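Taking the form predicted on its own, here's one chain by itself in structure tokens.
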């Protein structure tokens, strides 16, 4: 396979490629983050959110977009580490009538559920907490998101930052202990370099 063939593949990320992108985006609800991501969360693609520990406020990143999507689309939450707290989700504007919570037994079932939900064409967003996901599994999920035109969000350990991934966006989150805010390090995004980290307040 020659270089030109490689560069035309959709699963090859070119860090210096700053050409205009045609991939649709969904606003994150955080203007500074939208700017760094080139418009917001990619639609029809995966976003990886890498954290040291669960519960540092990672869902806060997504609630504005999830609330917007829930007006017209279903969303699936697959194998979350804790039972979703319905009153808080409703207070954030998420329509609980359009939210499906899926419990799974093991990594294989989690990955299967993620793939089917992303590919279904009825989910605007799919959130997943896969315990194990190699590059092959992630590629299947990326293709499923493209097919179903869904925004997929995978919450994974921060140590996975050193592993390759076909995800369109990879974020690394760091808790600011003094303010309880989040620092968002953008490790990868389509369309070029992300620049400086984004700091989101706890409010």
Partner chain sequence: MLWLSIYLSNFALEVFGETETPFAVRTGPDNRPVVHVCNGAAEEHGIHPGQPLEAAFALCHTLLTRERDRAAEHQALNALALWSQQFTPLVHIRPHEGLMLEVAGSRKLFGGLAALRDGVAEGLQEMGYRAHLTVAPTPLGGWLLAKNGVELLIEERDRLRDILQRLPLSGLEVKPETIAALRGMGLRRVGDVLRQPRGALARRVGPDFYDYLDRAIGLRADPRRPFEPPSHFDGRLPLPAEVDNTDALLFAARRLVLELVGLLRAKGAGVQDMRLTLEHRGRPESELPIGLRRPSRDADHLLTLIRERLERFELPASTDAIGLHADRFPERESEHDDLFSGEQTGIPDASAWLEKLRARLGDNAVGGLGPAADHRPEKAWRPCPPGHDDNTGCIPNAPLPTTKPLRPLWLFPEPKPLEQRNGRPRLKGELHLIRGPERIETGWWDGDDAARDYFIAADVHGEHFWIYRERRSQGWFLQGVFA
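Positions refer to the first chain, counted from 1. Keep in mind it's a predicted model, so treat the numbers as computed, not measured.
The same protein has a further form, the form predicted together with the partner chain, not shown here; the description that follows concerns it.
Looking at residue 172, you'd find every heavy atom of it more than 4.5 angstroms from the partner chain in the predicted complex. Under a 4.5 angstroms non-hydrogen atom cutoff, the partner chain in the predicted complex lacks residue 29 among its neighbouring residues. Although the partner is absent here, residue 143 lies well away from the partner chain in the predicted complex, with no heavy atom inside 4.5 Å. Although the partner is absent from this view, residue 89 contacts the partner chain in the predicted complex, with a non-hydrogen atom inside 4.5 angstroms. With the partner chain left out of view, the stretch that reaches within 4.5 Å of it through heavy atoms in the predicted complex is, among 50-58, 157-165, 30-38, 135-143, 50-58.
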